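Only one chain is given next, in structure tokens, and it is the form predicted on its own.
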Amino acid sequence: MIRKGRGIGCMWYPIGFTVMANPSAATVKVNEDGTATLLTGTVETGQGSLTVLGQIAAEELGIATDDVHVVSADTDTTPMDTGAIASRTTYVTGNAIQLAAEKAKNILFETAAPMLGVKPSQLEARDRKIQIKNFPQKSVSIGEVANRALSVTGEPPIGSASYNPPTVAMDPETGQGKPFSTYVYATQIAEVEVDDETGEVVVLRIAAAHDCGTAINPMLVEGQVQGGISMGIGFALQEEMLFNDQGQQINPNLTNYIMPTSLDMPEIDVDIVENYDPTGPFGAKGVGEPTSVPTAAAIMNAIYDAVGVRIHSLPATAEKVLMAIRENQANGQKQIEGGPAQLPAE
């Protein structure tokens, strides 16, 4: 018989890592045509980080994302970055980029102020222009200001900065401290079908609510959540390394190391919870690894809701689920035959 169940999994996850310094650095140069060049050591691994980092620089400079040329991951030319690890890129590298872009922008303000007859503090960068706050009709293009800074004032609009999250080391005696600067939170709910005659589990739907601070690029966030759920399904139900008695792996290829495909993916509902973090770039935190953390827990709880068995060893293959169901049935039959369990005498 096919039985349905639902389960919930909740998690919190730190952004970045601790024990040692966790810095990123960046350089932003505003060009005479109004575009900008961003130098960052971070690595694009398919998660869309360079798009997000370009957006952060563009927002700070008041230009379009398409106006930002990102140069990345070249140790000959780009500044230091700790790495695309620990879900830290948007938060740590993004902060460094915002600070660098702000320095370049301040040079533009210093140059544009006498051109517009105001103080630098009265200016803002928006729509590819340096304009007077609350009086956008009086403005000058960023390209013109950058050219003047280069050829007249002699201070090219280039900004460099680094960022290292503030942390407090863990006390070895009390375990107290502040090892991470910020955290993200998520809840996922899984709906599954379990065949109690074969143990087969099919994930029908997952609803995922994720807090990542400000979503710099909501479409990329949604894609990250979907990808993390795919990994979580593989972790929960399919992916297993098998070894023989000599310790040799017997499934070292994708023929018999089973991973989820598009046919294994359930319906996914993603809810991005906006939760502005004042320490992040424009309120952003991160969303990488946390997306796969609650998935397996939600699926295991859904299996329990469906057939009343707990699977404590992943992946929850059909064989494991069926054995647990039969063991549960056998224990129930023994209890019926033997009568109610007796409490030990005091």
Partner chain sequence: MTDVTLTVNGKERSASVPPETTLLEMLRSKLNLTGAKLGCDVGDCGACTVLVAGKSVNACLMLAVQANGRDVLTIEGLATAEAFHPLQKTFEELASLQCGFCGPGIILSAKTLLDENPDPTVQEIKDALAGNLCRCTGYTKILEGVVDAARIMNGKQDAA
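Please read these numbers as outputs of a predicted model, since none were measured by experiment. Positions refer to the first chain, counted from 1.
Omitted here: the form predicted together with its partner chain. The next part is about that form.
Chemist: Between the options Gly199, Gly159, Pro260, Pro165, which residue brings a heavy atom to within 4.5 Å of its partner chain in the predicted bound form?
Modeler: In short, Pro260.
Chemist: Using a 4.5 Å cut on heavy atoms, which of Thr214, Thr187, Asn251, Gln226 is close to its partner chain in the predicted bound form?
Modeler: Comparing distances to its partner chain in the predicted bound form, the residue within 4.5 Å is Gln226.
Chemist: Is there any non-hydrogen atom of Ser230 lying within 4.5 Å of its partner chain in the predicted bound form?
Modeler: The answer is yes: Ser230 has a heavy atom within 4.5 Å of its partner chain.
Chemist: Within 4.5 Å, heavy atoms only: does Glu102 come near its partner chain in the predicted bound form?
Modeler: Contact with its partner chain, no.
Chemist: Is Glu239 near its partner chain? Define near as a heavy atom within 4.5 Å, in the predicted bound form.
Modeler: Contact check for Glu239: yes, within 4.5 Å of its partner chain in the predicted bound form.
Chemist: Could you confirm whether Met219 comes within 4.5 Å of its partner chain in the predicted bound form, counting heavy atoms only?
Modeler: Yes - in the predicted bound form, heavy atoms of Met219 and its partner chain come within 4.5 Å of each other.
Chemist: Using a 4.5 Å heavy atom cut-off, which stretch among 84-92, 125-133, 206-214, 260-268 contacts its partner chain in the predicted bound form?
Modeler: Among the candidates, contact is made by 260-268.
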